[in-house]
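Quick heads-up: the structure tokens below are two forms of one chain, split into structure 1 and structure 2.
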Structure 1
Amino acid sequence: MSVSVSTVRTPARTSRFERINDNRAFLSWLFMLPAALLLLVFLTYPLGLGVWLGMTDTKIGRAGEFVGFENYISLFRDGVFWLSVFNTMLYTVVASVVKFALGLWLALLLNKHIPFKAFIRAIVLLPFIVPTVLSAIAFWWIYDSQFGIISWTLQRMGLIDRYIDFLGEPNLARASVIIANIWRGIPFVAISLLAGLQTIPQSLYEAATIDGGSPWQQFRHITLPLLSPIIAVVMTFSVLFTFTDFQLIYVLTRGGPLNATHLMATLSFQRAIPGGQLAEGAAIANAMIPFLLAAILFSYFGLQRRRWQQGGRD
């Protein structure tokens, strides 16, 4: 009897397990649960706390009271805040566009059959592997007004008669930090786009060549459309990394000179921690959220286009 019972029950247990295993929606939620818990603890709670602090008058060492939107109204009248918004937009747009252009060119170059291609790829990754602070310190030395290698070289060549103060003049400081960010961000864009290029079937290029398509036509009608979903994701992350950049600016200029390189992230830190105005710093950080949401929506619509290209909804 026991044998017959076990024989009857085992298929029932197996069938239940198989039904759960075949339920892709249930398995998807099950696998996402640990990551969702981590995001809830380490992202959702700090974000909620920041939103709450932005609506209070909290300072370091003193609990605040609810004041509504007073901090945001004060920011709209703050010239330094609007200067940081301008700096952030300029920094993000210029650096992201140049990183994309140079990264795409480098990816197309590395996708070809060239000597020492593996070695060149490793070299390209170096700026991204080096810690940001070390990169900033290296650029700080390069830009130094007395001992900088650029000014020293130009002076020895007779092109200038005095050292250039890269980090002491507002416009030069803006350009200098943008160049440093571009140097650091190109490897991420290049390697990511290179991975996307290698997924494009070579048969498409061979067919286009037989049909008499020029290299530009192949790039425009084959490479760019098939690479567009990868471009959407890569540029979203590039914009997010650039928009929220803090370490590079803080080490190089700390927002100077004359607040010319203050980004929203660095200004938020300066007001909240050294300045002691936690609520004001939180309000500045919260003002970054609409821009970040716009970047996420850009990535979302890029992925939607990929679904359309694949001819399905999943």
Structure 2
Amino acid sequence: MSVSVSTVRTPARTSRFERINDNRAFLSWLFMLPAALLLLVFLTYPLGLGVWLGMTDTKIGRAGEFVGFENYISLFRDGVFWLSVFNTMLYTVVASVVKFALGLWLALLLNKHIPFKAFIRAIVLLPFIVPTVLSAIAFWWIYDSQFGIISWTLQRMGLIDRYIDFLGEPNLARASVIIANIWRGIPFVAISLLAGLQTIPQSLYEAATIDGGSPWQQFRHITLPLLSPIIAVVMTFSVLFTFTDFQLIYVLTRGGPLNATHLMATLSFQRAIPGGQLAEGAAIANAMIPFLLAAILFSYFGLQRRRWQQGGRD
């Protein structure tokens, strides 16, 4: 290809500018420049800077000195930090499992032949599109201890006699923020899995029906295996974003009551920005990295399973 181009080239085209313009290495370098600059300066460098900050004693308004692993040692003895790790785990595991189960169910429902399918699919995605902070404010109001609509409804139905303070009691608050997170996450899981479901050939189901396969058998032996690569990716994204969640907690509880809903991200923010302990905040944020790496590796190996679907062996 390139040979034919260079032989047909007329003398007029060999000016210096033209030659540079056709030099692939130079062009690649030029094309990569804007993105590389943005990402190296504002993503890679801060990542490294964060690791460094975690090993200093920097505070707001005061440059820090290197202190080694002191921040991590003090975090290790910090009960609140371990509570936030526990909360983050609980939040991530419960929310992800429920999001997956309900999201898959919703995807299966939307994959059926139903009236107004496109319209329903469009409005299902709304919670994902609307800014999280703003929908979290709506949840805040729904959970309100004096005028909460859930409490009012339950009281009207005679199920409770006092209003529930959803965000005031530790375990209730945990459940409440998890429910809000699930609400926000279901559309993403459902619509992504729906896209995966639509790629499964209908003929497989027809064959299974003729062979007498029950709906459960069809789901178990056709839908689930063919969907598993997409499930792996979708759930990695979901776990990643749930694990590092900040907005919902910040709006609903700011980590309270009694730090019961503090996630690692919110604790890191609270210590670093209002608290001024930049180094300690950075150390907490860095403590999230191993978990994120584990999630990414999980996704990578989840993707590997694709081979047997293309006729190869596991």
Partner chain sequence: MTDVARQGAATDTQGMDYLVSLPRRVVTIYIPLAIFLFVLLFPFYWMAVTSFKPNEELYDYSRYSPFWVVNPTLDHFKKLFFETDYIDWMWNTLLISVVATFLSLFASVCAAYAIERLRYTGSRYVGMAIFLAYLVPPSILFIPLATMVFGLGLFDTRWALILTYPTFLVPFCTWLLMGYFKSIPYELEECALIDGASRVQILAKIILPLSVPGLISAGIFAFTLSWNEFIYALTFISSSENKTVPVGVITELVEGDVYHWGSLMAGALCGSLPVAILYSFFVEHYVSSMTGAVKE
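Here, rigid core means the biggest group of C-alpha atoms that superpose within 1.5 Å across both forms. By convention here, residues take numbers in order along the sequence of structure 1, the first being 1. Values in this document were obtained by computation on a predicted structure and should not be read as measured data.
Novice: Return 1 or 2 according to which structure is the form predicted on its own.
Specialist: The form predicted on its own is shown as structure 1.
Novice: Core superposed first: is there a CA shift of 2 Å or greater at residue 134 between structure 1 and structure 2?
Specialist: Superposed on the core, residue 134 moves its C-alpha less than 2 Å between structure 1 and structure 2.
Novice: If the two forms are fitted on the core, does residue 157 show a Cα displacement reaching 2 angstroms between structure 1 and structure 2?
Specialist: Residue 157 C-alpha, core-superposed: shift of 2 Å or more.
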